[in-house]
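We begin with a single chain expressed as structure tokens, specifically the form predicted on its own.
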Amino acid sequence: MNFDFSDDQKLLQEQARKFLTDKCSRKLVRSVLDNNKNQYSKELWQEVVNMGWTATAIPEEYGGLGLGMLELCVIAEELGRSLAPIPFSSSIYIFAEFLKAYGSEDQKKQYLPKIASGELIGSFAFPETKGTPRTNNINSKVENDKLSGKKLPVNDGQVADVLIVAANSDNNQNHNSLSLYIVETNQAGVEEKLLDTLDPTRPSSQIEFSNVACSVLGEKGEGWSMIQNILNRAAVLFAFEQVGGAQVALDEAKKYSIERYAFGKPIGSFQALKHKMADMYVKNELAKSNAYYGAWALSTDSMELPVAAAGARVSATEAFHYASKENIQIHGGVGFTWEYDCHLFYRRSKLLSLNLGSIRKWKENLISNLEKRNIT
């Protein structure tokens, strides 16, 4: 079984890397970080849209390019390498996947072409309290097709034009299951508040809904199973972002260790730093291997996807966190300063580690899905 990408997919990755090297400099990332009013780079977003990346995995009949998830994986890795300050993951990995999997024909025709063209940005409003959402801590509800409740944090919430919201349906008073609803944010009754986070280049918001119009997505009462399916799919794509960021953190640590001299020698010649970088390399390679396995399961709709997604998510989260942390340590005193870029990778690693739920939650998923596989 060959888990490698095809020559065409590798060419796409090469072109994506060249494009982002040119268009997404660290100066651009810092400009978004420094300016609280710029919640993402609109210029880069438009450039990405013009490249057709937002349309990559959307079917041609809905205005997309009709390519596969593997093409989206290689783009995700390059976005991770560049720390791109754009709402690509919220709109494409999650919102578009929900629509593709569960949207009615009318919903797909209404939203997917605009998502593909970048005219609309989508996101997913799920948690309401700190920690991983559970069946007993979702209090948002829908009565007579009107939604009320509060969601936080919502990734890219303030820039989203349309949301998929998890809420209890009017026939579900015991909170035993959830339904999903599509909500447009440009209507009265939707109030947004930007939250302070460690990585403002990928902002999160608090959103309150007061009796706002909504339309059900998929079957009522099937929200939990729908969410788990899409989060498994998104986990693979996020893993590629994390792999990309972890690799650059290692590359920059290696580069600095060669250029920086102490006691007349490059610091990279010291055994302690060699061991740190060796550990970074091992974790990165393990994460990459799991991400490739996840990409295969995702692209083939394999029954292995729950296991593959959890494995990719856990290993990539650990690899990116470790690489970004040790990159700071290898840079020494200057690694903690604003002028060096080490903190940009640490910020992004912490953000991505929570975007789809905590690593503890994904470890639980991995164990439970492995147990199910062994039983069957």
Partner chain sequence: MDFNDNEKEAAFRAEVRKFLDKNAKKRTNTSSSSANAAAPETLRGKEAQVKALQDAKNWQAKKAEAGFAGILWPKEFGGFGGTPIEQVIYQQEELNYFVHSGYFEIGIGMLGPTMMVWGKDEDKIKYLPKMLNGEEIWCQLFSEPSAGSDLAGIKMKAEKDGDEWVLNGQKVWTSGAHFADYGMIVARSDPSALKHKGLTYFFLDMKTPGIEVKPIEQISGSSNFNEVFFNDVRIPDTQRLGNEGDGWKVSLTTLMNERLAVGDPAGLDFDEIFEITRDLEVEDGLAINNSEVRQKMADWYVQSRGLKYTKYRSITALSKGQTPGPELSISKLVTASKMQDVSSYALDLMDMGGYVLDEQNAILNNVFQNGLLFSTAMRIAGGTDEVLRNIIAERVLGLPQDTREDKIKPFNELPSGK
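Bear in mind the structure is a predicted one, so any value in this text is a computation, not a measurement. Positions refer to the first chain, counted from 1.
From this point on, the text means the form predicted together with the partner chain, which you will not see here.
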Task: Touches the partner chain in the predicted bound form: Y62 (any heavy atom, 4.5 Å) - done: no
TODO: Flag L273 as yes or no: does it have a non-hydrogen atom within 4.5 angstroms of any non-hydrogen atom of the partner chain in the predicted bound form?
DONE: yes
TODO: Would you please decide whether C24 lies within 4.5 angstroms of the partner chain in the predicted bound form, comparing each non-hydrogen atom pair?
DONE: no
Open item on the list: L366 versus the partner chain, in the predicted bound form: is there a non-hydrogen atom within 4.5 Å?
Closed with: yes
Open item on the list: Between M303, A213, A101, L198, only one gets a heavy atom within 4.5 angstroms of the partner chain in the predicted bound form; which residue is that?
Closed with: L198
TODO: May I ask you to choose, among L67, L44, V314, M51, the residue with a heavy atom within 4.5 Å of the partner chain in the predicted bound form?
DONE: V314
Open item on the list: Taking a heavy atom within 4.5 Å as contact, would all three of E119, K141 and K220 count as contacting the partner chain in the predicted bound form?
Closed with: no
- [ ] Would you point out which of 81 to 89, 177 to 185, 102 to 110, 148 to 156 contains residues with a non-hydrogen atom within 4.5 Å of the partner chain in the predicted bound form?
- [x] 148 to 156
TODO: Select from 360 to 374 the residues with a non-hydrogen atom within 4.5 Å of the partner chain in the predicted bound form and write them out in sequence order.
DONE: R360, K361, K363, E364, L366, I367, S368, L370, E371, R373, N374
